[in-house]
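Next comes just one chain, in structure tokens: the form predicted alone.
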């Protein structure tokens, strides 16, 4: 186990996973340092040492790396920056827990080409070349996608309009991902681990919406959009290419159960949170607008 004197550096600490990893580490008394480009704007718990640094400027990382043995890496830069930044990181640290994606998973949902797949592959290759002790975490679809995709509609009405009602995914609770990350950061026995993290069950889009309705005590309806309708709705509201990337993945997975692993249970010794539980814990985000 990592000793109390070791410092764990967390990148992406102001993002949803990074913040939860920080919380998990603080809970067990670890020394936590958070790397951010703008420390003065970061809102993190007391006890976290905030340091300035930028992955695109490798020399800016030196101060953050002093006394650090282990790194939680969320890549927030371009692929072009990976070689120089990881070389700098490897000059100081021994172990990295990298938040990647399940692009190596043999399921059609995860095999569709997209820019993030290429970025993760590049970073992983650079980590291997740097001869670091690496643990790779590969969360599937996050349960929190429901907040971005469906909560705005549910706050307005009891109807969700979305494509591919019957496509199944296994949403993973971000708190379970953070707990696994913290365990890997604290225990060097996870070096070399390559972990695909999913929720405990395969659920269709329609079933997920109905689970939210059950959890918040409302009868929600699902109306299926065509891919073209979805593209039109996403135009201007989503980054270019994201709608087509998702549509391709959903189409490829149609008619197949989601890829489900038992990794969260095996590492944490407790079952992963269900999507129903996640929905209940986030019920306030789906409450109807009163305006």
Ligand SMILES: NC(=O)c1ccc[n+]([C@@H]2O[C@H](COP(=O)([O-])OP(=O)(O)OC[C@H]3O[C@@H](n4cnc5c(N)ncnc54)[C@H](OP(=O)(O)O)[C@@H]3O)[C@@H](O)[C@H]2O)c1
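What you are looking at is a predicted structure, and each value in this text was computed from that prediction instead of being measured. Positions refer to the first chain, counted from 1.
One more form of this protein should be noted, the form predicted in complex with this ligand, which is absent from this view; the next part is about it.
What is the one choice in 55, 30, 64, 253 with a heavy atom within 4.5 Å of this ligand in the predicted bound form? None of the others qualify; the residue that does is 55.
Partner-contacting position among 132, 74, 167, 136 - heavy atom within 4.5 Å of this ligand in the predicted bound form: After the contact test, the surviving option is 74.
Would residue 100 count as touching this ligand in the predicted bound form under a 4.5 Å heavy atom rule? So residue 100 counts as contacting this ligand.
Considering non-hydrogen atoms and a 4.5 Å limit, does this ligand approach residue 142 in the predicted bound form? Close contact exists here: in the predicted bound form, residue 142 approaches this ligand to within 4.5 Å, heavy atoms only.
4.5 Å heavy atom contact, residue 36 and this ligand in the predicted bound form: Residue 36: contacts this ligand in the predicted bound form.
Taking 4.5 angstroms as the cut-off for heavy atoms, does residue 277 touch this ligand in the predicted bound form? Result no; residue 277 lies far from this ligand in the predicted bound form.
Are all three of 104, 107 and 264 close to this ligand in the predicted bound form, meaning a heavy atom of each within 4.5 Å? No, the candidate spot makes no contact with this ligand.
Choose from 178 to 186, 76 to 84, 206 to 214, 159 to 167 the stretch whose residues reach within 4.5 Å of this ligand in the predicted bound form, heavy atoms counted. It is 76 to 84 that comes within 4.5 Å of the partner.
Neighbours of this ligand in the predicted bound form among 8 to 46 [non-hydrogen atom within 4.5 angstroms]: The stretch 8 to 46, when checked against this ligand in the predicted bound form, contributes 12, 13, 14, 15, 16, 17, 18, 35, 36, 37, 38 at the 4.5 Å heavy-atom cut-off.
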